[in-house]
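Given next, in structure tokens, is a single chain: the form predicted on its own.
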């Protein structure tokens, strides 16, 4: 009987240039790889867990200091590591939202924001996007007023994406937060595509909560993320348990309810920590990353019929592209149908284009070198030319 599980080694990052829209910012650094090996055992970080027995108090490895560093880096007052951004959403919604409360999200919000609201018993209400696929302060104000009229109460929470996952557009979070605060509505900023990718100043954004994704944008193992907040909200969202056993009389000290005591207890938190110096440094080169994104977009736009659906010029490395009048016209006649594009790009050492996608699709250029950016742009043009498309 075969006992071992045969797991094929993953070599995507070693063998290819990867432009997958959700993987670019989560590539581990060499330091995180080494940490993952050293701290791969389950409760590895608990070797030196003493009183109080909580993750954010552990000094060796320096997890306590890392929590303080995260808060300072985001210009917030307090931070906790969490098992992915979605658990940050859940912790805040569980704290602020009561059953039947309306909660403001946007028409570009990630599905996990909706699920966090649903789990808390809230009722989601969306701010519509405008014709340019932006969420504006004016639209936020109109929606808040409409929700107050509908429910005869003020929403206890507003979610807004700093950069949305659908178009990769940067939104006026500060303006939206200013509007929300006029109604005393706390604002949660979803920084899944910005924290660890570009500079983020929570207080400048007007955020009451900043949530980031370690495995999406902080070069960390999954699931990992960060929830940061201000002193105004910290005591409530990071409240400690008051539970007491009726038979044993047991109590559980400083364990935080929304963190379920402790959160990332091994390779995930140490991987985040190991990558942090590089992550903190790389956000300072955001202008270069945006220029790289623009170069690939321009190469794609040189293929007749191709359109960019995201903001142009680009302001982020995640881009939504429309190739229905270019690559998809090839797919209609090609023996591989829509799979030809991913296949032809892979032959050129590039992966991340979802197989079968030749209509509307996304890519992310974050972290690529100048040479890799040139190769990606040239590869798209070569594939187009080889398949009879016009280059303008």
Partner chain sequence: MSKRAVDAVFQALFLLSDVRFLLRETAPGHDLNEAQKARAATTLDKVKRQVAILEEELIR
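Residue numbers count along the first chain shown, from 1. Everything quoted here is computed from the prediction, not taken from an experiment.
Unshown form predicted in complex with the partner chain; subsequent notes refer to it.
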Response to the item:
Answer key, the partner chain contact in the model of the complex at 4.5 Å (heavy atoms) among 46, 68, 354, 33: the residue is 33
Worksheet item: If you check 342, 28, 330, 58 against the partner chain in the model of the complex, which one has a heavy atom within 4.5 Å?
Response: 28
Discussion item. Please identify, from 58-66, 358-366, 322-330, 345-353, the stretch that has a heavy atom within 4.5 Å of the partner chain in the model of the complex.
Written reply: 345-353
Worksheet item: Does residue 17 make contact with the partner chain in the model of the complex, using a 4.5 Å heavy atom cut-off?
Response: yes
Worksheet item: residue 382: heavy atom within 4.5 Å of the partner chain in the model of the complex?
Response: no
Discussion item. Is it the case that residue 378, even though its partner is missing from this view, gets within 4.5 Å of the partner chain in the model of the complex, heavy atoms only?
Written reply: no
Discussion item. Suppose contact means any heavy atom within 4.5 Å; which members of 37-51 contact the partner chain in the model of the complex?
Written reply: 37, 38
